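Before any questions on how it binds or moves, here is one chain, the form predicted on its own, in C-alpha cells.
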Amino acid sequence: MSRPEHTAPPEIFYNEDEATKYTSNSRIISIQNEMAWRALELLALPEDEVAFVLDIGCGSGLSGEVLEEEGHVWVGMDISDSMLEVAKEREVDGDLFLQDIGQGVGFRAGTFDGAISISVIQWLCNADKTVNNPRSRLKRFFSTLYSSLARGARAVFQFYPENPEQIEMIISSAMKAGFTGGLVVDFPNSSKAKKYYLCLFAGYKDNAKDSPALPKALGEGDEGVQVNYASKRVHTRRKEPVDRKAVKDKKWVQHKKELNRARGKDTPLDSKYTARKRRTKF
C-alpha cells in the first residue's frame, strides 16, 4: 500500500470524499484522538491555566476537540479546503485558516503557548511539485513557527517517517531554526503501537541549566526510545589514524594502462626498464 504523500499533494488527496471518509471512520477517529492526547501530554502545559495552542494540519478538527476538552483555546491551519469545510460543519470552536505550512506560519511573534501536529510534518518532505523543495519548505516552516511561539513554549509533532534520512532532515531543520529537544518513540518494539513524536522547545540554548528534560517515552516491557538533539552538530576526530589501503594502488594503475594500450590510446611507459624489455622482445 502506497503512502498518501506519494499519491497526490495533500490539498488534492484530501478532497471532499476523502475528508468525509476520514472524519466518519471510527477507527481513524480513535487513533487520532489517542495521538492528540499523547501530544498534549508531551506539550506539558501548565495545569489549571488556559493556553492558546496552534493545531498544525488541524484537518476536520479531531485533535482540536481534545484541546477543547482540556479547556484550551486553539487555532487550526490546514492546506485542505475540504477538510476545513468538514470542520466548519462539525462546528468546532477553534478559528480555522487555509494555509500551506511549507510557506510559513503567519502569526505575530510570541503568539502561542504551544503547538501540536498530528500526522502532518512528513508531507513537507515530499517534492510533490517541481516548485517544492523539501529542505526549503522545512526551513521556512520551522523558522516561522519558532517566532510565533512564546519563549519556553513547546511544539509536539506526531509523524510517520518514511526512512531515517527523513527523520534526520526534519530534525536538523528544526534545530537550525533554533529549537532544542529531541525524538520520543513510544513502544519501539511494536509494529502497530510504535509512534514517533518530535518534542521541540523554543527559547532555550543548548545544554542550558533551565532547559527541560525530554519527556519519558512509553514502552511495553522495554522502555521507549528518547534521543536528544542539539542545534549544533558535534564533529569528532579519530584519535588514531585508520590504516586504509589506497584504492588507486600500483596494481590498479598498471591495469588501467594495459586497458588503454589495448584500446590503442597513447599511454605513458611504466618505466625505462619496462620500455627496454619491450624493445628487446621486438
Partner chain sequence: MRLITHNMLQCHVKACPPGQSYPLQIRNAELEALDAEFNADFVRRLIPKLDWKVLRSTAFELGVAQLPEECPAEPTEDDLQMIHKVALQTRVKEAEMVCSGCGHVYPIKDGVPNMLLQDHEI
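All values derive from a computational prediction rather than experimental measurement. Residue numbers count along the first chain shown, from 1.
There is another form of the same protein, the form predicted together with the partner chain; it is not shown, and what comes next is about it.
Asks: Residues Ala8, Glu16 and Glu65 are flagged as a possible site; in the predicted complex, is every one of them within 4.5 Å of the partner chain by some non-hydrogen atom?
Replies: Negative, none of the three is within 4.5 Å.
Asks: Can you work out which of Ser211, Ser172, Gln122, Gln99 has a heavy atom no more than 4.5 Å from the partner chain in the predicted complex?
Replies: That would be Gln99.
Asks: Where, among 91-99, 184-192, 163-171, 197-205, do residues come within 4.5 Å of the partner chain in the predicted complex by heavy atom distance?
Replies: It is 91-99 that comes within 4.5 Å of the partner.
Asks: In the predicted complex, is there a heavy atom of the partner chain that lies within 4.5 Å of any heavy atom of Thr111, even though the partner is absent here?
Replies: Judged by the heavy-atom cut-off of 4.5 Å, Thr111 is in contact with the partner chain in the predicted complex.
Asks: Taking 4.5 angstroms as the cut-off for heavy atoms, does Arg140 touch the partner chain in the predicted complex?
Replies: Judged by the heavy-atom cut-off of 4.5 Å, Arg140 is in contact with the partner chain in the predicted complex.
Asks: Do Phe52 and the partner chain come within 4.5 Å of each other in the predicted complex, heavy atoms counted?
Replies: Residue-level check for Phe52: yes, a contact with the partner chain.
Asks: Hey, in the predicted complex, is Ala177 touching the partner chain, heavy atoms inside 4.5 Å?
Replies: Taking the distances in the predicted complex, the answer for Ala177 is no, it never comes within 4.5 Å of the partner chain.
Asks: Heavy atoms within 4.5 Å of the partner chain in the predicted complex is the criterion; list the residues of 58-79 that meet it.
Replies: The stretch 58-79, when checked against the partner chain in the predicted complex, contributes Val73, Trp74, Val75, Ile79 at the 4.5 Å heavy-atom cut-off.
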